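Starting off, we have a lone chain in the form predicted alone, written out as structure tokens.
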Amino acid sequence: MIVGIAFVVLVLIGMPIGFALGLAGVLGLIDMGGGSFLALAPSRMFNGLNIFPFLAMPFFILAGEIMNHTGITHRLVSLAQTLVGHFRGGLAHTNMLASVFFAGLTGAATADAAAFGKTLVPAMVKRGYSRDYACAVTAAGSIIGPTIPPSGLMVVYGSLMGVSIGGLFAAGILPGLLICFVCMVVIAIGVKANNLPEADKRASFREFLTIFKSSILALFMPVIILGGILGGIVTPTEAASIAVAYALFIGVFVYRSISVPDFIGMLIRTARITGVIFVIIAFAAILGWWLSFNRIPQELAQAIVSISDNKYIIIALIIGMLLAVGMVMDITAILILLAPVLVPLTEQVGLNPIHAGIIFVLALNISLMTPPVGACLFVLSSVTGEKLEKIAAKLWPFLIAEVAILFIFAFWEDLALALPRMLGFA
């Protein structure tokens, strides 16, 4: 009880989630056996990080930083606009499709939200879209990034639970594309209600070819990453390092837009982002061990099973728990704490580990756009100056659509595992 109270209090007073997890875990160790148990803390932290696939995360982050700096964002947005700009509300559709193209570069929702918040949102406002609606579209599309691989959350899940990261990457492609399609349908349905601008003139084939040629080097990035991993040629960590080398080559020798000071700044930003994630993972390992030692995961699993032994009800309860906790807590910390608790429960009801993984990833990604602490909402609010509550008010149709997609993939195993089975991962 003291551990739970301490964690809640620390979070409420504004302590960063990683340190709150660590202090709560240390209190748990002291409560178990006084100061003698504190000797376990360093080894728990080290073991929590001593997982080779975690090396992929800083490489993917750095590759995204490099590609962002080269102006790739503008090229991909232009390509998306030539494809869907002729629909009414064309910039909203462009925003969504660009999120798909951008997904193969960063794999981080907050990075996509920040990039489009600085570029597409002002462009949409200039064309007559309301700022809150432009932010809502951007938030809804931002979760496509960590769903379509590469995805940092999938790397964490696969590393912790011993599940094929390549299989998770394959499983993320269909839901990511479906989220884009359904959100574009939501945009099309709401054109009159949101008073979206009229359509632009359709781009000519010559214009499309010109823009496609300028974007093709960026489009090769996900091909290199996914082709190598899904083809069994390289591991996710090797693919991430190759992505950095490719991005550097493009930035230095093709676009000639990266200087030594620029690259140093990218390394610093990558170190900061990676440090935040790894602090959470390391400190959560202490609390996770305390939870396991006290058999709290088993008790929680028994409590869920006592409600019902129906497979679909249990899946729905797990999704509800993930979405609820995701509204108030960092998703990486949630994954580290709850995956060891809930994944064995999914195995009891016969879920494939990759299927369970994509349910976790989708649910936690959706929580990035849910108030009160949705990270993408905070990023967009800070970048654009729009009030968070106004963005959230315009977001609900997209949120309902994405939750519906989550349940479709959770309950329809053949659809969720179609690509992993086709590629031999499941």
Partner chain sequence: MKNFATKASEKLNWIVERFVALLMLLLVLDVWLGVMDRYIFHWQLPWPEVLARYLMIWAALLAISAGIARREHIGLSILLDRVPKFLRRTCLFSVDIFTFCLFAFLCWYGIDFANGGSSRQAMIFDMTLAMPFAAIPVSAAIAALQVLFVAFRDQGQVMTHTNDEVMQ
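Only the largest set of C-alpha atoms that superpose within 1.5 Å between the two forms is called the rigid core. What you see is a predicted model, and the numbers here were worked out from it, not measured in a lab. Positions refer to the first chain, counted from 1.
Although it is not shown, the form predicted together with the partner chain is what the next lines describe.
- Residue contact check for D200: none of its heavy atoms lie within 4.5 Å of the partner chain in the predicted bound form.
- Contact between V379 and the partner chain in the predicted bound form is found at the 4.5 Å heavy atom cutoff.
- The partner chain in the predicted bound form is approached by I51, whose closest heavy atom lies within 4.5 angstroms of it.
- Using a 4.5 Å cutoff between non-hydrogen atoms, I264 counts as a contact of the partner chain in the predicted bound form.
- Relative to the partner chain in the predicted bound form, residues C180, V361 and E402 are all farther than 4.5 Å at every heavy atom.
- Of the candidate stretches 311-319, 208-216, 232-240, 140-148, only 232-240 contains residues with a heavy atom within 4.5 Å of the partner chain in the predicted bound form.
- Of the residues given (L79, M96, L351, A114), A114 alone sits with a heavy atom within 4.5 Å of the partner chain in the predicted bound form.
- Contacts of stretch 387-426 with the partner chain in the predicted bound form, defined by any heavy atom lying within 4.5 Å, are made by K387, E389, listed in sequence order.
- After superposing the rigid core, the Cα of P353 is displaced by less than 2 Å between the shown form and the other one.
- V234: CA moves 2 Å or more between the shown form and the other one after rigid-core fitting.
- In the core-superposed comparison between the shown form and the other one, F19 has its Cα shifted by at least 2 Å.
- Relative to what is shown, G141 and L230 are farther apart in the predicted bound form; their C-alpha atoms differ in spacing by at least 3 Å.
- The distance between the CA atoms of G14 and E386 is at least 3 Å shorter in the predicted bound form than in the form shown here.
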